[in-house]
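Just one chain follows, in the form predicted alone, and it is written as structure tokens.
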């Protein structure tokens, strides 16, 4: 099978041929139709999990995928040949990922894909939409409150805007001028052009009393304090970059956490139903064949994405 792999940390992804893997107990072999591309994929190349977990090389890249069940391992009763499924596939300990024609996943991690939901849309959903769901829920923000989504241009931010707005939350979305109108169409009450002036200055000018909550998708360790200080006393901030420290929160009387996507099958099924019903829109702004995976990752790393990137197999 064709697959995109790295042979070590900090090496260039390459297209190669690998044997089709066999599913073990509790596992499912999926013939993939599409793979989602996420920022975490290029972070894995740079060693984001080095030291925390063993990596097997060559390592097939890719977290998210969608396709049909080819074979099942012992003990799998939930799926059978031909079932349409989607979910997470990354398993660095065994060198497995979704940038391949076939991929292995634990049956307990996969969700069924509704018949009328396209594979490319499903492959774009798991990490981004589950992360957005996790982050918005993690703030505890509710109707009538104000939420700043810092970094709303990409797939996670766009989903977070919609999920919060659907709950009656007043959403402020940071973006560039080219994506602002689209975010307002998704439900953002306000947009802030981060290219025009520092985000914190602009938000403070329009909300001098502060905001209730922040979902921060872009700030590094040395940038997060300026965003956190936009919060009202006892406000809550969630970071997707691991940028929050206990000292920062305690010093300013704030609440917060570093959170990551919680991709349970129940959450994925809920999100699929929302997309199917038109309540959650997933924008794919870049499609590429498997052999262009390296270029697609570089485009994402350079911040060019204004939606989701999908590899079509």
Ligand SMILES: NC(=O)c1ccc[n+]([C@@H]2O[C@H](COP(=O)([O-])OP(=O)(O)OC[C@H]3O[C@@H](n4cnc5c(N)ncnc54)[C@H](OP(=O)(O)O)[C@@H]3O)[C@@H](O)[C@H]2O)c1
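Numbering follows the first chain given and starts at 1. Worth saying up front: this structure is predicted, and the values here are computed from it rather than measured.
One more form of this protein exists, namely the form predicted together with the named molecule; it is left out here, but the text below deals with it.
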| property | result |
| --- | --- |
| Position in contact with the named molecule when the complex is considered in the predicted bound form, options 211, 107, 218, 121, heavy atoms within 4.5 Å | 218 |
| Interface residue in the predicted bound form among 187, 138, 95, 151, criterion: non-hydrogen atom within 4.5 angstroms of the named molecule | 151 |
| In the predicted bound form, segment of 300-308, 19-27, 286-294, 5-13 with a heavy atom within 4.5 Å of the named molecule | 300-308 |
| Residue 57: touches the named molecule in the predicted bound form, heavy atom cutoff 4.5 angstroms | no |
| The named molecule contact in the predicted bound form: residue 241, any heavy atom under 4.5 Å | yes |
| Close approach of residue 39 to the named molecule in the predicted bound form, 4.5 Å, heavy atom | yes |
| Contact flag, residue 164 vs the named molecule in the predicted bound form, heavy atom cut 4.5 Å | no |
| Partner contacts for 239-271, taking the named molecule in the predicted bound form and a 4.5 Å heavy atom cut-off | 240, 241, 259, 260, 261 |
